[in-house]
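Okay, so here's just one chain, in structure tokens, the form predicted on its own.
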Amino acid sequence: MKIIIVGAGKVGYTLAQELSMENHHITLIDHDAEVLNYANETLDLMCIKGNGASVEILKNTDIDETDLLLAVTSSDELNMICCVIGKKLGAKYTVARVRNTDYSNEFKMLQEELELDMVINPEMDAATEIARMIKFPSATNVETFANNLVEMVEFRVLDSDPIINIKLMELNKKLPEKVLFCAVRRDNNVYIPKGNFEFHQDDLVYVAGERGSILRFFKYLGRHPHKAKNITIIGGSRIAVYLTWILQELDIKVKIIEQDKDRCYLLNDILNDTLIIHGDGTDQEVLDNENIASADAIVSLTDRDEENLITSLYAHQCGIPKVILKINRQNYFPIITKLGLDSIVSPKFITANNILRLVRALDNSKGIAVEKLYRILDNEAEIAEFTAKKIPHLTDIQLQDLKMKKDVLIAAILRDKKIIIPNGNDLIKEKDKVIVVTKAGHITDLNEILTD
């Protein structure tokens, strides 16, 4: 596909990096020569210096032959204008990043009136993901599929867990509920576990099932969920605003510690029933004075990865049940997890997942296109959701008789609003929602789970 990305910041560069790896023709537009030079040296793409909303610039990129225009500059208004002009000049699909909280209730109207095919808000998406983690404190990460009926939960195996050193085929007989173990990271290796697989301490595991089944599985592990009632957020960013709105709907009390006084006044104006503290969230004295040890969860959302890491480490040492931090630099992830901090959120990677899902769907409009995509375990495995069409070599055949590729797993099937955690005797029917886990490379079509 021919894709134009306007804006070479964190999100723009990440999108260019991910999409170029999937062999798309990428053109990156930005007014900053320095960031373009870096992108040109590190990625396989074309760079153009200029204003992405300029008719002349867009015409020079052969906009009328473009499949997808992504506008992800730091200006919401520029992104929207860029998409409107791009659409008028012939771009088939347009996506605008719109971040300002003032527009949060207007996305649908903006999308319809400006003919935007998709509006993305990394901060809102990050806040939604954080809220899921808070609602499920035993998990390090949570993702939902099949109209939110299937949950894919990440957790780390503890030495006290009763699943250690038991073959998976035997463990499944002991579990009180049927769940499916989808993927495991052990040291630097990723596994799609089979019947003879045994869990070890410190394994990072993804398990899928209905919410009730997942909760009962964690009770089997001896991890009884503690409902969060008081949350402290470090940093009054846009994510903090969106997250506070979500948590208030869940009747959770929120306290925000923000270093910038003017930002504190703004937060106080737009957030009701929220305690806003003016202070440095990396200062231990400030944190102790605010009694953060009594919080059910700490969420570090400042603009600096290092500050989020420092605050989170101190919160972890204080024994706070749930510690979540925002990190942008991917090379920090392995270090952070080794320090015992597993609940990491990266807005730019959430956005990249959403865009990759759209690109794969557009790239495969005639097949069974991916509807939802989630990359896990440092991008070494993927979870994808499809709606099955009637195909002779795929549907109405028992899974044990399908010639599936190595390291591909059917994690769940949704049929008539009922969840099936499948075994070899189950089969895929037309209109089923099918959740697939793979480490065999990206999948754009459900048919690609089969060998040639």
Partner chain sequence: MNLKIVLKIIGTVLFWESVLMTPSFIIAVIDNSFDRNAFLIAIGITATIGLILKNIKAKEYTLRKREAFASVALCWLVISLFGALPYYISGITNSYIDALFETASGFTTTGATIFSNVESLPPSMLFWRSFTLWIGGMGVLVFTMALAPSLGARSIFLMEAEHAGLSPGRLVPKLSDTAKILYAIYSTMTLITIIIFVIGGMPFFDAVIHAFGTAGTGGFSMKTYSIGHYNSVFLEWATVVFMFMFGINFSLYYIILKKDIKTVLRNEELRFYGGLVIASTVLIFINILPLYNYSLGDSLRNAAFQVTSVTTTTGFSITDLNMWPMFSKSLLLLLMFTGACTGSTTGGMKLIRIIILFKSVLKEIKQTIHPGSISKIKIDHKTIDNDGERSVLIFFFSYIFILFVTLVILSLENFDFMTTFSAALSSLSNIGLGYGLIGPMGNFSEFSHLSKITMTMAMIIGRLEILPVIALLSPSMWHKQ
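Residue numbers count along the first chain shown, from 1. A quick note: this is a predicted structure, and the numbers were derived from the prediction, not measured.
If you look for the form predicted together with its partner chain, you will not find it shown, but the lines that follow are about it.
K.L.:
Please identify, from 383-391, 36-44, 398-406, 411-419, the stretch that has a heavy atom within 4.5 Å of its partner chain in the predicted bound form.
P.N.:
The contacting stretch here is 36-44.
K.L.:
D62 versus its partner chain, in the predicted bound form: is there a non-hydrogen atom within 4.5 Å?
P.N.:
D62 belongs to the contact set for its partner chain.
K.L.:
When the contact criterion is heavy atoms within 4.5 Å, does T66 count as touching its partner chain in the predicted bound form?
P.N.:
No, T66 is distant from the partner.
K.L.:
Under a 4.5 Å heavy atom criterion, is I26 part of the interface with its partner chain in the predicted bound form?
P.N.:
I26 belongs to the contact set for its partner chain.
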